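To begin, one chain is listed below as structure tokens, in the form predicted on its own.
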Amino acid sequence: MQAVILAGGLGTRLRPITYSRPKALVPLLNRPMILHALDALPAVVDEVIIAASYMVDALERFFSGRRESRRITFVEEEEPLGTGGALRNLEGTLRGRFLALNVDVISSVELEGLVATHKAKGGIGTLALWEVAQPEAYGIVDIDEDGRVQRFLEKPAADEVFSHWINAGAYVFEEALLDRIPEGRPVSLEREIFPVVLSEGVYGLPFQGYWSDAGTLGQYLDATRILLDRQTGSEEAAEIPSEVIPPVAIDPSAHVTGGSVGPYVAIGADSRVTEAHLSRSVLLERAVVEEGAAVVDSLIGAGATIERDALVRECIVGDGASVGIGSQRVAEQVES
């Protein structure tokens, strides 16, 4: 069976981190997002098609240095085509029934069960569904007792909400779906395709556990929290801080001395934290946080420096950027 990883977005909401890498290679717990997607695939998948348009060469270089148990195929879009357009662009590459995943989704959905449900129902598509309290930012789905989708509405207004079950970004489709998608232009599955193929049998599979789409800073940090809560992060480092508040993940090559780290902190390879205070934050590789600095609810890029006594809160600090001595940066994108 083939699986498609939808990785065509520009990652604009995670800039400036995504100026120097595609979103698929932004680390979550010190591993690129796309590897978390590959980890979730069931054993029946023997080929993975990566549909991408931005910095495809970086993705190809990354996988050229790895051994994978499955065949990896890249299909490049000349421009981002949306979820629907990306799939239509794979016509001739896809053969029969296939899985599709959004690259930035972290969830507990059991994909083998999603495939089994799709086979049992016999429709053109099956969607994983997750329940949220505030569904206005998502595509909402109404299903009947048999799980068949009755209505679908993308990003409803508050007075249009008819369900709190949302499209969770994991799908099983029949190849016939490609014929329903217009060719040669961006197409939204959620807005243009799902509503018109309901008569052909679209089903939803609700699941429990956890879900985050990691597309914004807040969601990215939430995905980090989810992963830290569910696996043992490494606390091995050249030097251990005086106070570690778990859960944390510290790469063994990082140097952390004094101060406090945690909760919900991930520190990348060769980073250096000295007498600083970190909480609910991520440091990518080679980041430096100096004495007296505090980093809270933030993502710090590779090779970035937070200098002495600086405060960084709710920020994305780009690769190689610097926050000066005693500076206070709040809710900003800090570029080099």
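Quick note: we count residues from 1 along the sequence shown, nothing fancier. Not measured: the values here are computed from a predicted model.
FYI, the form predicted in complex with a small molecule isn't displayed, but the following is about it.
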Exercise for review: Spell out, yes or no, whether the shortest heavy atom distance between residue 83 and the small molecule in the predicted bound form is within 4.5 Å.
Suggested key: yes
Point to revise | in the predicted bound form, residue 167 touching the small molecule (heavy atom, 4.5 Å) | key: yes
Check your understanding: For residue 139, is any heavy atom within 4.5 Å of the small molecule in the predicted bound form, or not?
Key -> yes
Check your understanding: Would residue 224 count as touching the small molecule in the predicted bound form under a 4.5 Å heavy atom rule?
Key -> no
Review point. Ok, 202, 105, 254, 193: which has a heavy atom sitting within 4.5 Å of the small molecule in the predicted bound form?
Key: 105
Exercise for review: Scan 119, 151, 185, 155 and let me know which has any heavy atom within 4.5 Å of the small molecule in the predicted bound form.
Suggested key: 155
Exercise for review: Within 4.5 Å of the small molecule in the predicted bound form, counting heavy atoms only, one of 292-300, 44-52, 266-274, 279-287 shows up; tell me which.
Suggested key: 44-52
Practice item. Verify the flagged residues 36, 207 and 220 against the small molecule in the predicted bound form: is each one within 4.5 Å by a non-hydrogen atom? Key: no
